[in-house]
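The chain that follows stands alone, in the form predicted on its own, written as structure tokens.
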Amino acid sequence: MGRILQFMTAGESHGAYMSAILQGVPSGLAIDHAFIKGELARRQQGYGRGGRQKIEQDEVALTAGLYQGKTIGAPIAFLLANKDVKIDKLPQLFRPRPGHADLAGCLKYDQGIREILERASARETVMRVSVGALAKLFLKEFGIEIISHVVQIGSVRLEEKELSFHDIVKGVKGSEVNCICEKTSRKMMAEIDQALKDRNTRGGVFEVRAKGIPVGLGSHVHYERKLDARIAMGLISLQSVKAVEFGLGHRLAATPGLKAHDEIAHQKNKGYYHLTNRAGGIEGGMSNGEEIVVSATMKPISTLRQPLKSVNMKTKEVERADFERSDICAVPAGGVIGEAIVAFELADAFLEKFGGDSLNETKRHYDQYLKYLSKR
């Protein structure tokens, strides 16, 4: 599948810089630097985050691809200077952490643990959020909005109920774990506190919602073009994510067919729509006009203050794994990164559908499509 939008990140956790190149953005998109900075700040927040967030004040510079604050159709370069720069001064490690990239990476690349963990680190996601923030700015031009909220941390799970996009936007304000329920937020924070006390970590589940999505992004004709497959690939590539679900997800296994699918209706001023959204806004690999609802499960962070058994790669003796400074829980931050990933995939699918070398051209194509839909 030939992507319209493409990006590549570079940089190590404690190296001098993190950087990215993004290509495929049409010309004429106004860049809101304050918005991008705000998205990076959201990534650093969340109860249970580690000491690195107190050191870094993430602010990215866009060093190419702009003229007078707008995109010019050329590749866009992102550059962020790390403050905690010490990669060449940090000691080599020899006891790989279970659940981390350490062992497999060392054996694959014939390198030490330090070389592997510096690139495998979730610090890389600062660039994914930067790229995703720009994708959000593009989608906003077409009335598309994206939000996330935390559904579960450890054993504490939000009670299941129907939530609107507005409910989530309003509910997460002021929550240190990005949960819509104040009572559940307190329980989640207590769960994280207990993990810290036990020298342990916690995983959980975050949900991403996207509203304003037109019918027809993605395609049923080839597996690489299916929208849910593209979003799932993006989310599963996020460090610590081990499962991705759309709509009811695994709950569909126990749901009878008569209650599993979304009945279709039509109104003259609204067009076709669904009475429910159990599919999470995607059917047959295509957006169906409803909100896209996708959740991701993050495993507990693999760097533990009470290390698990490992093997010293020099002596081959059984020893405890090495410890590196780490978070206790990063699920709230995971949701912010998840938003960025979903935004990028939706922007790519949007440009695949509507094309355009300039933002104005894309808008013309989109307006024509909406007129076509109104007559069906």
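Residues carry their position along the shown sequence, with the first being 1. This structure is a prediction, so every number in the text was calculated from the model and none was measured.
Beyond what is shown, the protein has a form predicted in complex with a further copy of the same chain; the following relates to that form.
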Stretch from 177-185, 98-106, 134-142, 160-168 whose residues place a heavy atom within 4.5 Å of a further copy of the same chain in the predicted bound form: 98-106
Contacting member of H266, K83, K173, K197, with respect to a further copy of the same chain in the predicted bound form [4.5 Å, heavy atom]: H266
Exercise: A30 in contact with a further copy of the same chain in the predicted bound form, heavy atom 4.5 Å: no
a further copy of the same chain contact at H274 in the predicted bound form, heavy atom, 4.5 Å: yes
Partner proximity in the predicted bound form: G212 to a further copy of the same chain, non-hydrogen atom cutoff 4.5 Å: no
Close approach of R128 to a further copy of the same chain in the predicted bound form, 4.5 Å, heavy atom: yes
Partner contacts for 218-245, taking a further copy of the same chain in the predicted bound form and a 4.5 Å heavy atom cut-off: G218, S219, H220, V221, H222, Y223, E224, R225, K226, D228, A229, R230, A232, M233, I236, S237, Q239, K242, A243, V244, E245
